[in-house]
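Okay, so here's just one chain, in structure tokens, the form predicted on its own.
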Amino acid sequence: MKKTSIATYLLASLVLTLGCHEKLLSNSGPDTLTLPLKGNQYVLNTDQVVAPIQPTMYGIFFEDINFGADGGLYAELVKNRSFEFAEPMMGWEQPASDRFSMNDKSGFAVPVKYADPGANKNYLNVKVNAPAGYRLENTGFRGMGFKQGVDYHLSLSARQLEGGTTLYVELLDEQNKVLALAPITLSGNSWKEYTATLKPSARAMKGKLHIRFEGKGVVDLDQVSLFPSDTWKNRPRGLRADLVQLLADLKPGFLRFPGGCIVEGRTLAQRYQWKKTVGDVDERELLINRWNTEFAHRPAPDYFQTFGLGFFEYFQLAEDIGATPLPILSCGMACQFNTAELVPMEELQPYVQDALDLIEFANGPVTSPWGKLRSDMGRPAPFNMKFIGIGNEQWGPEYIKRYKVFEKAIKEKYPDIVIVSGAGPFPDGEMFEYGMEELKAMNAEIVDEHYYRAPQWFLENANRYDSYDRKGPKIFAGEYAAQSVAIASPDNKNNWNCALAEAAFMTGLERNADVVYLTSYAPLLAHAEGWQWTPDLIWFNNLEAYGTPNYYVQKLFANNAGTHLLKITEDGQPIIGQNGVYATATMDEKNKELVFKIVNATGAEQPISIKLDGKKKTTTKGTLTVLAANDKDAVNSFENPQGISPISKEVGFKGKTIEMSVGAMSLNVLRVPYKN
């Protein structure tokens, strides 16, 4: 088969899979005509519990795409801090000095590679020729964001081989104005770590780090790092607080990491290897990001993974935001959209051992080798990992063969660990059907399904799981997002039309809570100037971040999941698009509330009547939260980050019938207290 990119393959597969139905590829919004209504008369049995809602029902999926980790969630501001990129000076510039027209008259820098093995192989040798001479600049990840009055902690390793040199470390704004300065005087010809704290006098969206070398001499430089002090939980060299807060506000039931296609790699050598992402951060071996040049519309040759955000930090993040960790590991198959490289079955054991060792790292006692490493990193207590995923989007007989080996080994040693398998990259077609049939025959526990389709597909498939075998595997809707144009199109938008279609589909996920155990939108994060894939749940730049309309849909469902699914019907049937309305109901046993989620996908306001059958007695007041927009193409933005966001109000009722109106093109969440 001719090699092709993921983007090309997905676009071709979209056309084939959807049968070229134009209505599924269009960006058509909901019907704007006033519909003939027959009343929208619903009945809820408040006593009949259909199924428990799993604590993992609504979660998040993180992949380092769109500069999601380096340049995003991981708060390091210096790109290529240890000169380890394929081009060692990538991210660094040597500007001409003020006194000399050519920088090499004042000095020059040469990357040097260590002879000794190790992750940190390179350093920079700097020769300073003039007393007031040489300069280096790092431009960060599409610039560096500086906040006025916030401390920025700089650290670097250096040694003075000849002469005497002082480093003047400066933070510059877009016009090269100095916002903060700190001198560092070097001493001795042995490697030492030097630190400084800088506090910008003004805000800068696209600043840079500037280092002036004054005093003739020869200096070796390595591990140049700059972090803001206001990281999440103020952890040194930690995560960007505003992004983590947006994740925490979702109240996710799980965190799936680290991907995604980066788990597989274009080749097996470029796969994600978790053991290389733990231990001393400075000794973690970096890897080129597999999304760096995948799409011709957004090449990013400077996109690498330094793994400052590694598996330990992922587990820590999951705990911070109250989520169950769900790591995904390579099954010995490189990305089948690229090389499709396979590990021979007789050489699979190291991959299997990686899975067993990961469970030990997460859950093992400190007396075990991997449990000891976790403890040495500051975490003696286990992370209580319950799930592990084997493979990302693999398909076909080779995946099934390898999955069986993993399953046998894991269950023999750790029978309580729940294993997540996969049914390929598409929600239907030959690949999907083969995988589901094989996994069902194996009594697989949870199968991961992915769907990137047009909004209309989501509306038409809100009943997808109604007919699934209740004795078969449970479902993880692991990656989904409505595509406003087409899969992997750079023109996709996070518009209200897509978000509303996803909300309608999610009522179907919730209505089948006895089958669907986990769900997550994808991708999660995107840098405004560093993205490769759209749409995405959260957008950010160097200083700001906002949730899309899709984000608020996810938040409303996750924050109002309830504990038990109830049965709400119209004429004895579930509410799946009758008159363009989709609805589900749950009970929140902890807070003693009934929770209704009602999506009106039409362009007309609609009256709703819900008759409450059962012994539960409701109060006469409830809280209605509405997410809506008049324009199907409306989006949130940095200029208007909450243009489409939830609005709550108190509403009143009489008797055992709830009567209300739901606005056009709206998601409505109604919470009504009850007494038994």
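Every value quoted in this text rests on a predicted model; they were computed, and no experiment measured them. Counting begins at 1, following the sequence as shown.
Keep in mind that the form predicted in complex with a small molecule is missing from the display, and what follows is about it.
Although the partner is absent here, W291 sits close enough that one of its heavy atoms falls within 4.5 Å of the small molecule in the predicted complex. Put simply, H450 is close to the small molecule in the predicted complex: some heavy atom of it is within 4.5 Å.
Although the partner is absent here, Q305 sits far enough away that none of its heavy atoms falls within 4.5 Å of the small molecule in the predicted complex. Though the partner is left out of this view, G207 does not reach within 4.5 Å of the small molecule in the predicted complex, counting heavy atoms only. The three residues F67, N494 and L537 each lack any heavy atom within 4.5 Å of the small molecule in the predicted complex. Looking at 641 to 649, 41 to 49, 614 to 622, 58 to 66, the stretch with residues near the small molecule in the predicted complex, meaning non-hydrogen atoms within 4.5 angstroms, turns out to be 58 to 66.
Of the residues given (Y551, F596, W533, Y134), W533 alone sits with a heavy atom within 4.5 Å of the small molecule in the predicted complex. In terms of contact with the small molecule in the predicted complex, the residue from E76, E479, E341, E214 that brings a heavy atom within 4.5 Å is E479.
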